[in-house]
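Below you will find one chain, with nothing else, as structure tokens; this is the form predicted alone, and questions on how it binds or moves follow later.
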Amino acid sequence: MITGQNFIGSKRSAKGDVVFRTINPELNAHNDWESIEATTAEIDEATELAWKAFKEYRKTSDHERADFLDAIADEIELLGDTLLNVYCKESGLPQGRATGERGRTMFQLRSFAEMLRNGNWRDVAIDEAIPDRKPLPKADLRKTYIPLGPVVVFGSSNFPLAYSTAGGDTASALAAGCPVIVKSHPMHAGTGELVAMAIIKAAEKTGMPNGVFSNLNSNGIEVGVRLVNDPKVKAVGFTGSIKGGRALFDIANRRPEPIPLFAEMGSINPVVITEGALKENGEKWAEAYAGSITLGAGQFCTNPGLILAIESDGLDKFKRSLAEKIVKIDATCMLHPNIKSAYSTLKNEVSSQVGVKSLSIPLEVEANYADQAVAEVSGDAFLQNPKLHQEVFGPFSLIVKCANEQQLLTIIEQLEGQLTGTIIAEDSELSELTDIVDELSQRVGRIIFNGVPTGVEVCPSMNHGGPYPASTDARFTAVGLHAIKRWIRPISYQSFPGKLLPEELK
């Protein structure tokens, strides 16, 4: 069923001679299928087709696009075990994770469909004319939102379904009325092709214009760079590394017509644990955080990579307990040999810094499996060494022993932007947390109280973004219904005849 070809609208295309295969990280071997990288001509054809489709697709009704999104979810479900098996072979993730992520992907699509049918997502504003207002008459003004144009979506490595071909970026862009071109992630190109096939079938069944969706293979950076530079592309969605996201962001802003690039990038997701919480429930929180740090081999953008606490006997007990518990959890396979190699390099780099002490026993693991670890450092050393602030993508967390509350607040203030910040405390300490909440709110996009940051609910109240480098624009979320706001812009109609107004403004 996997051909390795590109989708340019509904047409399959394989003009290139650059061929690559995905890797089964569990077996540490290449998968059987091959993928053909898109050529320059195929990229240009896809963007031209998307631009033509936009002229028609932007005029479709909310209900028509809702039917399209529902049909995509239906077609993904019809792929059945074929999709799940390819997902597992390309990611090393277990069947349960594949099933759960497929469900999340379909839920996102159906959620946007429901939002469209409700019809109030544009936040329409109408100010009627007051012709006899003194000293000057007031004109009739009505504001709505319209789609930006073709959107390029970069599939992510760590979520082959929910943040990739038919993930949140694609679902929200299609909901907004924007055609989508996916730059498929090379680590799960087979999974991407199957999902692309489902989207194309759904487009055909619901009468969407050809070119409303395309899927291009790439094993390097050339395809992505050309897509972002193409003048017919009007916005970009990216989930991945700071290095990759920043490079694309710079390209998008150097264009003759700069375009928005919404990148969700690095985060170490600081966790503040109070003395009271350590004293009363330290064992409980060590258990919870051992699970959170190792969840999915630590390959979540919300993985708790930094734990902040003031020196105390409770902290000493907590760190010993966490170090013991984390190594008792079975090591799990990482997504790709390159990801495992990068994890080992960064973990060793952080662990070898002056003042850093490893707390957990080194593990012997199979190839591509993650050897989870915890280390500690003083607040002074952390403040003096920027290398300790970097994300280690995998099951690793650094405990920072703060001398006092002022140092803890200073550390929070000097952190780079983060997706999440967490506070673990007892109810009796609530009145003492105001300053910590205030500082965290300036550095993160979501604050959690007495929980773990791993797990991102898909709902209107979710904010998945944060100050740079967590994301390139902290005003927007990449998850939840409000993610659609990235792909639309406001437009006002002044003194317009009713017959010429968009339906929502009449």
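In this text, all values refer to a predicted model and were calculated from it rather than measured experimentally. The numbering used is simple: start at 1 and walk along the sequence shown.
Here the subject shifts to the form predicted in complex with a small molecule, a form of this protein not shown in this document.
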| item | value |
| --- | --- |
| Stretch from 310-318, 262-270, 345-353, 111-119 whose residues place a heavy atom within 4.5 Å of the small molecule in the predicted bound form | 262-270 |
| Heavy atom within 4.5 Å of the small molecule in the predicted bound form - the one residue of Asn385, Ser378, Asn210, Ser241 that qualifies | Ser241 |
| Single option in Thr332, Ser218, Thr422, Thr274 placed near the small molecule in the predicted bound form, where near means a heavy atom within 4.5 Å | Ser218 |
| Residues Arg65, Tyr145 and Ala235 all lining the small molecule in the predicted bound form, heavy atom within 4.5 Å | no |
| Distance check, Phe396 to the small molecule in the predicted bound form, heavy atom within 4.5 Å | no |
| Partner proximity in the predicted bound form: Arg446 to the small molecule, non-hydrogen atom cutoff 4.5 Å | no |
| Val225: touches the small molecule in the predicted bound form, heavy atom cutoff 4.5 angstroms | yes |
| Contact of Asp230 with the small molecule in the predicted bound form (heavy atom, 4.5 Å) | no |
